[in-house]
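To begin, one chain is listed below as structure tokens, in the form predicted alone.
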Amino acid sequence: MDKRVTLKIARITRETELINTYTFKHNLGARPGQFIMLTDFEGGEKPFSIADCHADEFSITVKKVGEFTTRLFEKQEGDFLSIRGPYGSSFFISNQKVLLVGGGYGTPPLYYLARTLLDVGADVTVVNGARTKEDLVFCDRFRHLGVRYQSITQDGSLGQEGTSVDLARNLLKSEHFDFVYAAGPEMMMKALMSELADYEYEFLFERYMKCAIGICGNCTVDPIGIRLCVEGPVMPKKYVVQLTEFGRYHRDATGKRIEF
């Protein structure tokens, strides 16, 4: 859908001090893994992954990291924002035994995925990691779904010190999964990749996107030239293993390489 729609913020949920979830009443018709482009009419347009989607509403989860998101945090319920989308590829929906690996504020799109997987009868395990327990998001939401759920923090504030990759590694050693999904910081997914040589998987990539329709080329990835806004942001293993830039660098608004 390329048509722009202006919507009221129906609900703002404070997840942490720096993370909010914004819910809109609208039949977006998105699939797990897709994203929207959003503007506040005050300058710029940014992509946001879809954290959940129903027939009559959808939500995005936003971390306050710069000028644009700071303005979003000043909005109130009833204020207007404008969106277009949904765009991009979506996750493969398996009805088998699956593992979802999330990290930080990149985890929310896995909630919509988990809910969809449960609807088709999948056996779902979710591991979720962050720097501190204050940075973990969607813990209660995952538990309420009824999935098997584990969380961990790098500072050990939950009792166990480590990352979601550590949790995933332990699970992969002790049992078999038919498919693995991941969303979160790119360096987290890069570390997870080394654990998945014998598994099929999909990763959700977050990169700078301008047009969302494959014209500007800003989100192409080396060396295969796939556009993350069209062929991505969900990337299957067969493409991920070809990416020479994965875990090494991304590009800013000008196309300049930025090392991780």
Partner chain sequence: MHNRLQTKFSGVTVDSPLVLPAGVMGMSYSGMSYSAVHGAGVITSKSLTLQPRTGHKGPVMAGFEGGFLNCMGLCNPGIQDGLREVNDFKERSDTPVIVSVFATNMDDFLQLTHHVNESAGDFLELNLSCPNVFDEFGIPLAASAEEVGRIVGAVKGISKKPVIAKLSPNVYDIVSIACAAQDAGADGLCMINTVGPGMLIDTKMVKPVLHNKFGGLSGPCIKPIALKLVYQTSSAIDIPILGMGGVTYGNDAVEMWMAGAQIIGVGTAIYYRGIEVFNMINQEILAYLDEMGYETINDIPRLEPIL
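Predicted model, so just to flag it, every value in this text is computed and none were measured. Residue numbers count along the first chain shown, from 1.
There is another form of the same protein, the form predicted in complex with the partner chain; it is not shown, and what comes next is about it.
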If we take heavy atoms and a 4.5 Å cut-off, which stretch out of 50-58, 190-198, 203-211, 27-35 is in contact with the partner chain in the predicted complex?
203-211
With heavy atoms only and a cut-off of 4.5 Å, decide whether R84 touches the partner chain in the predicted complex.
yes
G66: touches the partner chain in the predicted complex, heavy atom cutoff 4.5 angstroms:
no
Taking heavy atoms and a 4.5 Å cut-off, does I226 contact the partner chain in the predicted complex?
yes
Verify the contact flag for T13: yes if a non-hydrogen atom of it lies within 4.5 Å of a non-hydrogen atom of the partner chain in the predicted complex, no if not.
no
Could you list the residues in 26-56 that come within 4.5 Å of the partner chain in the predicted complex, counting only heavy atoms and keeping sequence order?
T39, D40, F41, E42, G43, G44, E45
